[in-house]
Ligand SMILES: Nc1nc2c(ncn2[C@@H]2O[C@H](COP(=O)(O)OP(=O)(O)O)[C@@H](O)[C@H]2O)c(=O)[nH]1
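Let's start with one chain on its own, the form predicted on its own, as structure tokens.
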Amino acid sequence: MLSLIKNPKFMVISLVPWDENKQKTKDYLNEATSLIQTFGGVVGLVVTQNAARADSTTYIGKGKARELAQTILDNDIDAVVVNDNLKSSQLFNLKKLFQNFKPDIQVWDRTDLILQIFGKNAQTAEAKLQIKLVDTRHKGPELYGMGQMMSQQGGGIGTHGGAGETNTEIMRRHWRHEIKNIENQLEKLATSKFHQMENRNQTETPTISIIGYTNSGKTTLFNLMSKKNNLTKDTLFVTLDSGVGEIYLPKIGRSVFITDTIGFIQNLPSETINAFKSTLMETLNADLLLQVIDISDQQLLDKIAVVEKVLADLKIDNKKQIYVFNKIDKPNGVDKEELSRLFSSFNPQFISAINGDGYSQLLDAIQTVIPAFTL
């Protein structure tokens, strides 16, 4: 078990399109490193390969895969992370080839790595069920591999497609049943959460939801606004569950609810977003979104685009938003006037959630929007 190894050593594999921006490639690899560090591992090797497209069988090609299998053995690598979301067959074939050299090697794609981090950070029954749902849906490699092996062992026996086909279908039915069972449990929790929201809505109290890219400072802002003390760390995906607080807005003389939820990340499969819809329910039903953006991040424009894509996928990209550029206490070299001009329709605010600079201006901006929901 990888979790039993102290500081497991990882190899990161990344395909780089010939025409991709070098800085973008570097940042994407840095994000993979941050994910591994969040898991508790260390990056021992980073392997990049220029390619116009991924190999359909092993993602990196059989020759490169065999070369890396020996490298894994020579460097005592504990786990391999492919910095992409692979097809079931690609992941299975790569895992099988690597395990011929080192049987206990773990081979994950990007989704697997994120799920492992989710599993470590999950605190509530709801979060654990959501992770289990994504993980179960992601079990394609096991189904593919087991069905393939059974077909090889018993091909031609029993039915037209062989015993392997029959057994694979049995496994698929069990897999579908397990998914349905988890979905039913999540539906019950979602119903309970919906009733809680309904009770809040009966008070006609508006709700503000804090959203943004993971590690942008969302929970720090939530704590500042709600006077709570939810866990914050300089790591990815600390928050998996939605938190609810209440703040009083003196200029309009009323209270509003404020919620915090899971952060977004690039190349997060839609199945993962869908699994967390019950957690995102607070965001789906919010009156106002505060999108927290790390102003010290050189790729902040790309990350805004990622968040906007997720909002579009959730069909809530038309909600009123305020862009909150956070971490102004850090060196950034960003032209605030340019950002204000570029995102003028989102009433951009500049704050340090950690020390409160700019917070009063953010409250003023919120109080100019909230009255529209109280009419």
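Don't overthink the numbering: it's just position in the shown sequence, from 1. Definition used throughout: the rigid core is the maximal C-alpha set that superposes within 1.5 Å between two forms. Everything quoted here is computed from the prediction, not taken from an experiment.
There is another form of the same protein, the form predicted in complex with this ligand; it is not shown, and what comes next is about it.
For the candidate set 34, 340, 49, 57, a heavy atom within 4.5 Å of this ligand in the predicted complex is found for exactly one residue, namely 34. Site annotation in the predicted complex: the residue of 111, 106, 215, 299 reaching within 4.5 Å of this ligand with a heavy atom is 215.
Proximity to this ligand in the predicted complex holds for none of 291, 311 and 319, with the criterion being a heavy atom within 4.5 Å.
At the 4.5 Å threshold, heavy atoms of residue 365 stay clear of this ligand in the predicted complex, well away from it.
Taking non-hydrogen atoms only, residue 330 approaches this ligand to within 4.5 angstroms in the predicted complex. The shortest heavy atom separation between residue 354 and this ligand in the predicted complex is within 4.5 Å. Contact check for residue 220: a heavy atom falls within 4.5 Å of this ligand in the predicted complex. Look at 40 to 48, 311 to 319, 64 to 72, 345 to 353: in the predicted complex, residues with non-hydrogen atoms within 4.5 angstroms of this ligand sit in 345 to 353. In the core-superposed comparison between this form and the one not shown, the C-alpha atom of residue 220 has shifted by at least 2 angstroms. Core-superposed comparison between this form and the one not shown: CA of residue 79 displaced by less than 2 Å. Relative to the superposed rigid core, the position of the CA of residue 20 differs between this form and the one not shown by less than 2 Å.
Put simply, residue 260 and residue 130 spread apart in the predicted complex: their C-alpha atoms are 3 Å or more farther than in the form shown. Note on residue 262 and residue 176: their C-alpha atoms are more widely spaced in the predicted complex, a change of at least 3 Å from this conformation.
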